[in-house]
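What follows is one chain in structure tokens, specifically the form predicted on its own.
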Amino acid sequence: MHSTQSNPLPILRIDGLTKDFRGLRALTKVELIVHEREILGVIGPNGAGKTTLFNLITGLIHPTQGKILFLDHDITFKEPDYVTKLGIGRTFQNIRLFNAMTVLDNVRVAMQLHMPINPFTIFLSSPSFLDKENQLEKRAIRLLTLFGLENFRNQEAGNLPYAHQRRLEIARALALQPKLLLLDEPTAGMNPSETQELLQLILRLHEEYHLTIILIAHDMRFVMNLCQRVQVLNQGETIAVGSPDEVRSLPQVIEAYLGRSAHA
């Protein structure tokens, strides 16, 4: 695993992040640091502010105060397309696929974000355009093969089994060629064997694509087996940061979260 010594700057740094929604404070002065190729788990009870944090990082909403730095770029008030092109991909707690499009096209659309578009070559269907389209399809099929979805490539995404839809959403996020991947409850609705398969897949993606990953999950066994560090939120505030073993034994964490979910 790469050490952070060769690159002392964190890939993501969040300072004093606060978010108010019409008088309701969702996050309060959250600090967060993620180093290159780290897998960080963000956990906490419902309403702790976890998805709000992801929405702030990806530009879907903007903070009341605080700063977000990604690869030393200030992305605090940037829009989602800018953040995506800079190298942050994500999945959503509620799956957001293009249900009426094929599995293959869901991945191809994401890949096209990084392709320079010349409308004249498209209009003329020039050899260079057709060659790029062919390369794009091959790359998309390779990615679907990695996720075990190649045999479903011509099916509409909305007709896939639920666990496959979860996989497709991660594949589509990976098609964006992110340096940082945000996974919001990727195991939601999965049975134990599907969850274990996904854990092994994420570890493989982390290794092969040199990814940095931030993961939100309620499945404590999944978090503890996957993440090197865990940050615990409760009512919009960080109450603990440390290794999985350190965090799970802290009284404030047990009271806020593990006490209700340790056996879930």
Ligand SMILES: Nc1ncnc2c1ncn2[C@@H]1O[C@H](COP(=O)(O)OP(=O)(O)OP(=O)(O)O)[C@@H](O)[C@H]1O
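Since this is a predicted model, take the numbers as computed values, not measurements. Don't overthink the numbering: it's just position in the shown sequence, from 1.
Omitted here: the form predicted together with the named molecule. The next part is about that form.
Trainee: Residues in which of 220 to 228, 22 to 30, 63 to 71, 202 to 210 have heavy atoms within 4.5 Å of the named molecule in the model of the complex?
Mentor: That would be 22 to 30.
Trainee: Among 214, 48, 57, 198, which has any heavy atom within 4.5 Å of the named molecule in the model of the complex?
Mentor: Flagged contact: 48.
Trainee: Even though the named molecule is not shown here, does residue 185 get within 4.5 Å of it in the model of the complex, heavy atoms only?
Mentor: Contact with the named molecule, yes.
Trainee: Would you please decide whether residue 159 lies within 4.5 angstroms of the named molecule in the model of the complex, comparing each non-hydrogen atom pair?
Mentor: No, residue 159 is distant from the partner.
Trainee: Report yes if any heavy atom of residue 93 sits within 4.5 Å of a heavy atom of the named molecule in the model of the complex; otherwise report no.
Mentor: Residue 93: contacts the named molecule in the model of the complex.
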